[in-house]
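The form predicted alone is given below as one chain in structure tokens.
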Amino acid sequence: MKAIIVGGGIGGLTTALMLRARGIACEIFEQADTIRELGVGINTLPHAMRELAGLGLLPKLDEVAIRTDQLYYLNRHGQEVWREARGIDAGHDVPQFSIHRGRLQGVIHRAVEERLGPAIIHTGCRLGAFTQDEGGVTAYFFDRSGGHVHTVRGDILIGADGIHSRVRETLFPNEGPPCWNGLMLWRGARDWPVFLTGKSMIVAGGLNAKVVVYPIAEGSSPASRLTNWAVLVKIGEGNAPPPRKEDWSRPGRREELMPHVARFSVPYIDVKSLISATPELYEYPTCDRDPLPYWSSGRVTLLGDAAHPMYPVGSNGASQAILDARCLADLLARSEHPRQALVEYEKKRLPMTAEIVRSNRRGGPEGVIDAVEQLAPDGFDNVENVLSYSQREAIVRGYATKAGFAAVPGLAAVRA
């Protein structure tokens, strides 16, 4: 069996490693001229880390990431709404990693080259079209100028080509552009003094604006960390196209961002100074797509953001792509026919990821600070009088259960 993988991001590269571990051949076709380590910080949750650990990547990830130990949810005044242990500290057998997206992709990319050989990765290849028949699928790739560069034949084609997926567009030609919810996300990273344990994550804010801060790598000295920050602010109603195209590498406008930063008071770190000192920042209008009725058509299927692009809350985008890759590889390895495997893959993964997409639209686990701000916009003396522990727990734990990384039984969150 041979798989054609369209897209050389985290999802596509992980799929290649998963297939190789099961003796299934593949080739990756990436439209960018090179696979570059782009982006800023993301979190990979224990359920996804367990899969990467199974591929033997844990030691390499430990070299470039931070093992997250605590998560704090605060209101915009800096008052604690919820706190809980994460990863190993929460009793999981593997860590939760806070990591630079590019470094995560780089670790996986190097593993692909070492184990499968660099020749299986083709860059500068844009998918033009594909056809399928009873014996397989044929894909046609073109360079940036429109010249034909590859025709490749395989048993299946996997669209792991992101929110603007050409494979998805071919399967659903009338879907239209991604859905914008009116929120703009600004992001950056800077070497900064350690705060809290040096492995802690903070999410602060409420309904219309949030700030997220966490370290993603060792810093220039033992007293510092490469610290990631993100500011998410509602700037539109979400009933119009985003002001600028969805591009994770688009430079942000500092003059637009800084007035929003004044909304937050975070006791453990000077967020305004951190953001002001960051030399480069990026902006991204938070977009997703409606869940699809199906992912697979014959010998073609979708994976990762091509299948289920979601708002960046709950630390789930890359994690769910990794889980897709494991599930698909397992089913291809044990099914009698690849088309049967794609049908089973869709049955297992589509309903769960569709629910995560819908939950992220409602705020995901960060909905706990939305709910508190709605009830107590000016702060509180005791959060229990605003929203009880059990109510807060239901919001946070309910999301974790849906996403597949529920806390270890018997380990309670810290009461605020």
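So that there is no doubt, residue numbering starts at 1 and follows the sequence shown. Because the structure is predicted, anything quoted here is derived from the model rather than measured.
Another form, the form predicted together with a small molecule, is not on view; read the next lines as being about it.
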message: Is it the case that Lys210, even though its partner is missing from this view, gets within 4.5 Å of the small molecule in the predicted complex, heavy atoms only?
response: no
query: Could you tell me if Glu366 has a non-hydrogen atom within 4.5 Å of the small molecule in the predicted complex?
result: no
- request: Considering only heavy atoms, tell me if Leu57 and the small molecule come within 4.5 Å of each other in the predicted complex.
  value: no
query: Are any of the heavy atoms in Gly317 no more than 4.5 Å from a heavy atom of the small molecule in the predicted complex?
result: yes
task: State the residue from Ile202, Leu127, Ile216, Ile156 whose non-hydrogen atoms include one within 4.5 Å of the small molecule in the predicted complex.
output: Leu127
- request: Tell me, out of Arg101, Arg263, Arg190, His150, which residue has a non-hydrogen atom within 4.5 angstroms of the small molecule in the predicted complex.
  value: Arg101
- request: Establish, in the predicted complex, whether Ala371, Gly379 and Glu393 all lie within 4.5 Å of the small molecule, using non-hydrogen atoms for the distance.
  value: no
query: If we take heavy atoms and a 4.5 Å cut-off, which stretch out of 111-119, 273-281, 297-305, 88-96 is in contact with the small molecule in the predicted complex?
result: 297-305
